[in-house]
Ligand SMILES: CC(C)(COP(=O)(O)OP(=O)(O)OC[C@H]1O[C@@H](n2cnc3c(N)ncnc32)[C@H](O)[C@@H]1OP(=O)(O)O)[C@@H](O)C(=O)NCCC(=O)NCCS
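The chain below stands alone, shown as structure tokens; this is the form predicted on its own.
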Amino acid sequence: MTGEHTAYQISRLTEEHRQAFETLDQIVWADEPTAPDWPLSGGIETARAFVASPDGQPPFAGIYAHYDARVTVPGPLGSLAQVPMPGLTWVGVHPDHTRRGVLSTMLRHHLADLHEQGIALSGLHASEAGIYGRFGYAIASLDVTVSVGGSLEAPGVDAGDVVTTFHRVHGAEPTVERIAACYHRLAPSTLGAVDLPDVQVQRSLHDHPMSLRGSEPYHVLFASRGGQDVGFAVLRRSPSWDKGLPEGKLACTWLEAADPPALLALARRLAGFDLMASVEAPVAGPDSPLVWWLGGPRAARLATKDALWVRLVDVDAALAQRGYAAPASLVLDVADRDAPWNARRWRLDVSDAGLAQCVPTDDAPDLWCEVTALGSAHLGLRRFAEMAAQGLVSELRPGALAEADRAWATAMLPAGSVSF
């Protein structure tokens, strides 16, 4: 067991130590073993994986990695843009080393590493909601699920030209490639979408023994128009009977649609499967048209939780690569404990075209904010005035909150991203 004051060093993973990396992951997560033909860390590049230990050798005290991902952020005047955002994943600390600074050391290393590379954002999906806010990450989108059923009334939306077809995913490489191709094509036009590498898409569609308990393998509904895929729904069904009556459950784990007609066509197919007493599916956000086609939040049994967490690694670069809905000129006094290069005043000037410049300044601040507030606002999920009531933002010049909210405004809420 490591002593209380042991110093941990962070080293890049080597192929020689990949098995030790996987062993620690299994200790941390306590999952059932994966299939022997599916390497646990097969999608992790050693160049993007790190280990923590006193001497750089196994057994390791902690591990982390990140995927080479991109996220769709607001562009100028209501447009959209894709920017780099490494997806932090595989974060784990050995039970013998918890509460000794291992996690802090790894996350600060991650931020410093991205800073040196000139990467402005980091993103993650949190296993526990109470951990990552301490390191400057903030909830930037919501994971929303609904119960799909009924007649799905959609006045003014015609799904008549959308064709839906049903396919098995497991063992069908062309089907997986087709899902990935559609996903990559739709991500740039979906605010908040995280575009992951193909290897991670493939892993997300792999049937693990634990998820197959009592359920069928993954299947997919494709929605096509004019021979091109415009959406898909990945699902699995769990059969059940009670006193001779069907009580099956259908869980749609991934739903993407290019437009309302494609979404409507997929939703109607999901609701129409025989022998299923309940159908649950994710939607892009609480403002999804599907929520209202189902009769509103209560009728849809809408449930929400945190989805993507965003961290501004470099405040100036992150704010400059995002677009804005209105002109602004603001001096932001940013508090950031774990990325000290951010902890200063920044002047953000947004032109009438929605383009921004962000530079250091010594001018009097208009707003004081925690770096987490910038993460929550980055994709348009939260407003600065709302966060001021929480204490994450302080208005130092009258009107600055309203000016910021006009500039950061988005037409729709960000979509919850596929998990990684």
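Note that residue numbering begins at 1 and tracks the sequence as displayed. Quantities reported herein were computed from a predicted structural model and do not represent experimental measurements.
What follows is about the form predicted in complex with this ligand, which we do not show.
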- Query: Which among 85-93, 137-145, 219-227, 276-284 is in contact with this ligand in the predicted complex, heavy atoms within 4.5 angstroms?
  - Reply: 85-93
- Task: Find the only residue in 307, 102, 318, 267 having a heavy atom within 4.5 Å of this ligand in the predicted complex.
- Result: 102
- Interface residue in the predicted complex among 244, 160, 130, 156, criterion: non-hydrogen atom within 4.5 angstroms of this ligand: 130
- Quick one: does residue 98 come within 4.5 Å of this ligand in the predicted complex, counting heavy atoms only? yes
- Do residue 49 and this ligand share at least one heavy atom pair within 4.5 Å in the predicted complex? no
- Query: Is there a heavy atom of residue 126 lying 4.5 Å or less from a heavy atom of this ligand in the predicted complex?
  - Reply: yes
- With a 4.5 Å heavy atom cut-off, would you call residue 28 a contact of this ligand in the predicted complex? yes
